[in-house]
Each structure stands twice: as structure tokens, then as C-alpha cells.
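Quick heads-up: it's one chain on its own, the form predicted on its own, in C-alpha cells.
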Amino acid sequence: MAKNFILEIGTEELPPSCMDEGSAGLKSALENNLKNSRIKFESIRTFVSSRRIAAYADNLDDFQSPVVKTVTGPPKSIAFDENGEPNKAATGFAKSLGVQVCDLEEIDISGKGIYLGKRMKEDGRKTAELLPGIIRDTVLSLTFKKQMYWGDYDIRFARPIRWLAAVYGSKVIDFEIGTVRSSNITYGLRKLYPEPLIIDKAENYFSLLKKRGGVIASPGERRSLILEAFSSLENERWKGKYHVVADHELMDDVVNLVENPHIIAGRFPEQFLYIPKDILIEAIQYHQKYFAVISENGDVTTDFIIVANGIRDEDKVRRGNERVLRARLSDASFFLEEDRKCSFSGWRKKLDGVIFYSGIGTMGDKQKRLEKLTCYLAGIIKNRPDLKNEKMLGNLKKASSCCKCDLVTNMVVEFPELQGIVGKEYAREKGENPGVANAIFEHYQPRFAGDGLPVSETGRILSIADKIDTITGMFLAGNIPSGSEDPFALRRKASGIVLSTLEGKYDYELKDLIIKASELYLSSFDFGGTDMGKAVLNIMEFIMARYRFLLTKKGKRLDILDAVLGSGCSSIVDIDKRYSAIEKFIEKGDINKIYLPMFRSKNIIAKKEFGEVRPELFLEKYEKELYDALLRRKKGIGAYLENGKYPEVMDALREFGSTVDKFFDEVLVMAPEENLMRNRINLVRKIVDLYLDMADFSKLVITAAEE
């Protein structure tokens, strides 16, 4: 008979950043461990809040599934004597299994022959007996980006574990982690319901938490309650004139921070409304996790929303939070006024005293590099001559010279989360055009998973240049991400480069940009004999790995990417176009007409030396025809490649394939005469080069359906 099961890991308050990974990790680990233990279940759901990570398994079987195991012994050929009688090898094996020789079976092991063996059924053990080990392994396998040890224990977790509840049906599953022993006890809201709660049955866990502990276990339910309360305020109290700024990232944090959301509307003094809108909203939202409220025309109002974690005295909570926000906005107002006394030129000088990273200079150095790198990038984008005009280059120079200045403003020193936003607002106030001001903010995007990409051309180019500069500097300084460790978020920056490049459809050679960024570093810093060629290649591979990751997320074929990269192309946009053309061609079912001729050609020239083709040495009709076709195709395909007409390239290569096949069928490449053989190998090399102009098709993985 199946029973339900609840596991709850009670902790000190968890940071919002680790909750989703804790919930996903618990679900994955518990599912895998139960499956590996042959324990069937209907489904597993996980729940997370600020003080607990829980998993609920529906209909967990009482017993493991039985399994039939095959035990093999000696080969049959050596287990019997010449009279067919079992020898010591057979009798000894049978005795070890507790059976007679006549009970043994003949087991056919592929590639080895017939062996003596026995198929033995192993009954499943009770689930309740296996769960302690399964749960312990599950909990200890959980990992977080930020973990900690506590006390004298060698256990790592996001926060110290304070209680463990594990109930299967109505039975407590007994196990221990560190000095914390499991029980059937859980806890509700700390201040409102401090008494222990006893879980009598696993299926009663949720109602017990909600009714007697004031805790809503489901993040989805908490989110829905918050959004419903927002909607009620907007429609009933404000009659549609005001709207809550329901920032997604803030909402995710708040849902994870509270276990029973209670919505309270507060107010702050009108005197703070003069603070620029984006700065004011960020100041309201960031530290205390409040939600700003805007009017129909988009102006910030004096209302704000508090999401409290269960309350007794609403007025007291409102007054306390209003007092806190007034203090924060007073600070913001003071710093704003102090910053208005300064200029961008003064801030630029201060950047020379801010270290970017040890060994690669200051933020002032970085900003000077950006001024050169952005204009260089605009200049090498092949398909956008408009990016090279005087106005665009002027905007790029101005934005790149100002984009890091807000890091030394009073406002950002006090409110680091406002970097970019402050720079944009101050640039507007000081009369910079919208293109420059917006680029100062946009060059940080994407700042986090799910964040938007830069919208303006100036912001997009500055963003790519800034991220290339950072990645190049970190690689040259030896700070290369490994495993899950990526303290400077270089992978996110690499993804930003790829996404912004594709979004802008910027056709430029990534390798050239990396080389330029490296040269700018080398002109000022010594990296102790670093192999620059290898460093550039490593950076290139690191960034392309993010493009590979994006393809994986879309369920795309990676062998096509490998084929395209085999051409030596380093333009992300060009790689994307080639990928699309090959993918669509494969769908037509004709890929073998390109793959096979190239595969044959590449195999023939493997590990050979090459020289020039000498047409006067041609003896056979088909080698002459191939050479003539090669010259014609090279010219035509070259024109297609120059104009990015990759579907036409694929069609031309398909037609050329029949000429190549005919050559191989009719001409002996490895001719006895040395000069003929060398000339034909050189000709085949030219064939391979023609294919490689598009892609290395030999790297494709051809399935049976495509053959």
C-alpha cells in the first residue's frame, strides 16, 4: 500500500537568492535517489520559504520493486570435463550461490560466449527502512552557490539547519544530520505561532502549517495572494488611477521572504517626489523590498506597498516602515544634492583611484580603454555603415567616457544597486542627449537572468565593448571561471555579448575585437610572457560556449555548430546565419550529397603534404572536369559567401558533389606515379578548401534517417 511522504528542512532565514536552487535541487536529488532505490512514487513537489525547504511525495510505495539479478560464473567450456561432468569450477560456483549444478542456467554473453549463471529474484525491502539513508544522502547532496559551515560541523548548507521533519504516512522516519535528529515536529511563523506543531500524517502537513502555523508553503499561492491584493488596491481603493510597480525580480524576492503575505499601503512625504523617477523607484524598492506606486501618467506617487510577513498590529507596522522609508529617502535626497555640485570631469578623475582588478589597473584605465574599443567595434561592423558616421561616433565617445562615472557618486556609493540608473539620470540633468544618457544605463544589461537587452545602438555597442574588456582583462589576469565558480559573472557577460550581437545583427569578427581588447591591455600592463594567441583562442571559445549553451536551451543540434566553427568563422551573426542555412538544408534530406564527398576528400588528404595543382599533369577526363568545375564553383560560391547567401552556397555544394563523386569513382588518386599522385592529392585539398569556406561538413553527425 502506498503512502504519502513529507520531508521538511527547517533552517535559519534563507537568502532569496538560494531558495529556487534549493527547491530544484531537493526535487531532483530526491527523485533520483528514490528511483535508484527502486521505490515508485506518483509525483514529487517541492516548496520553499524563508525558513524551510520541503518535498512532498505522493503515493510512495511501501516496498522496493523486486529485481531479477543475473549472476554469472565460469564459461561453460571450462566448467565440465570431457565426459560432460561438472568440475570444481561448476560445483564451486553452484555452492557459492547455495544451489545445485543442475539449477544453473546457460547465459549467453554477447561477444564472449556461453557462461554458467543463475537468474535470481531479489525481493524489495520496506521503504521505511530505506528512507533514512535516502533522505540523509538527499539533504547532504544539496549545493548552493553560496554555502556556509556552522559550529564545529563539517556540513555545508545555505544556512544552519535547525530542525528536520520526515513523516511517511504517520510514521516518523528517524535519521540524523550533524546533531539535528529528525522528528514529526515543524514550526509556524516565528513571532505569531512559536509553539511546535506535530505532523500526525504527511497529507496533513499543509493544512497544519496554514491553520495552526500561519505559513503558506506554496510560493505560487503566496504570489497569487500578493497579486490579488495589488489588484484589489488598484481597483477598489485607487479606482484604477494608481498602479503598483510589480517589478519581477522584487516580486520573486518578496515571495521567498514572506511565509504569509499581508499587504499594507503606506505613504511618504511629497517633498521627495522631486528625486528623478528611476532613482526614486529604485530607492523605494531595493533595501526594504517595498513596491512603488505610479499614477496613470507614469509619475511616482507618495504611496508605497509593504508586504509584511503576518502581522498583529497593522498600524504599527505601517508607521515603522514609513519611518524607515523617510530615512532612506532623506539619505537619497542629501546625496542627490551633493552630487549635483559635481561634474562628470571631476568624477572621471576620481575613477583613477578606484581599482578595477588587481594587475589590470583602475576604473579610470577601463573607461579610457572603452573610449577606444567602442569606436573600434563600430568601425569593424561590416553590415552597418551608419554606425561609422560622426554623430554615432560622437555619442559612443561621450557615453564610453561617462559610463563608469556614477560609481564614484555619493548616490551609488550609498546605493550600489543604482549604478547605471544614476549615471543615466545625471547625464540627462547635465544636458547630454538621450542616446548618451540611455547608453550609460544600458551598457550594464543584461544585469541578471531574464533582464532586458540594450535597446539603443549606442547602448548595445558600449555594452558589448564593456563586456569584452572585462572578460579579456580577467582572462589575461588568470581569473578564469571554473566549474560553478564565476565570481565576476563572466558567463553572464559572455551571454550578453552573444545576445546583443544577435539582437543588433552586428556582423563583425569576434576574434578581431578580442585581439584589439588584448592589445589595449598589453599597451599598459605586463602579463609575464602570456601566450597571447592562446589567450585570444581561450576567450573566443569561452564566449562561443555561451552561444552553444543558447542552442542547447533551444534543443538545437551542436554538431552543426561544430561544422560551422570548422570554417574558421568568428562572426556570431555569420555563424548564426550559416547554422540556419545548414539546419534547413538538412531538413530537406540532401545533406549526404555534401557530407559524403567532403568526408571522402578529407580522409584522402589526412596527414598529407600539399603543394600547388599543376593542370598540365592531368591525364584523366574526370580530373580535368573536376578542376574546371572547382574553378567555376569557387568563383560563384565566393560571391554567395561575400553576400551572405548561404542557402545558395548549400545548393551549389550539393550540385558540385556529383562531380566530386564521379572523380573518385573514375580516377585513382593514389596513382603509382609519384607526380600524378601528388597532383591529385593537391586537387583534392582544393576540394576540401572549397567546402571549408562554408563549414567543415565532416563534423556533422549523420543519422540513419539522413543517410
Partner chain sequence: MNFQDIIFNLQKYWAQKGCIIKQPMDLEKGAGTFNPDTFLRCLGPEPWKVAYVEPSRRPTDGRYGLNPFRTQFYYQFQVLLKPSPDDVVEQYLGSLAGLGIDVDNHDIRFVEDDWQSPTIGAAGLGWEVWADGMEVTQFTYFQQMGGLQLKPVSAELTYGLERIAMYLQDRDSFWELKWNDDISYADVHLESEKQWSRYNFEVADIGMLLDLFERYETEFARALKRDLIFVAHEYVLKCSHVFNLLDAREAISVAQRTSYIGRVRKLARALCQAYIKQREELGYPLLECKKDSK
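Numbering follows the first chain given and starts at 1. As the structure is a computational prediction, the values presented were derived from the model and not from experiment.
As for the form predicted together with its partner chain, it is not shown, yet the points below apply to it.
Heavy atoms within 4.5 Å of its partner chain in the predicted bound form are found in exactly one of 21-29, 679-687, 693-701, 8-16, that being 8-16.
A heavy atom within 4.5 Å of its partner chain in the predicted bound form is found for one listed residue only; from Lys241, Arg340, Arg181, His287, this is His287.
Tyr149 is the sole member of Phe549, Tyr149, Phe610, Tyr622 with a non-hydrogen atom lying within 4.5 angstroms of its partner chain in the predicted bound form. With a 4.5 Å cutoff on heavy atoms, Asp154 counts as touching its partner chain in the predicted bound form.
Looking at Ser218, you'd find every heavy atom of it more than 4.5 angstroms from its partner chain in the predicted bound form. Contact annotation: Glu234 falls outside 4.5 Å of its partner chain in the predicted bound form, judged by heavy atom distances. Of the heavy atoms in Gly266, none are within 4.5 Å of its partner chain in the predicted bound form. Contact annotation for the candidate site: Ile311, Asn321 and Asp331 all lie close to its partner chain in the predicted bound form (heavy atom within 4.5 Å). Taking its partner chain as positioned in the predicted bound form, the residues of 335-361 that bring a heavy atom within 4.5 Å of it are, in sequence order, Phe335, Lys350, Asp352, Gly353, Val354, Ile355.
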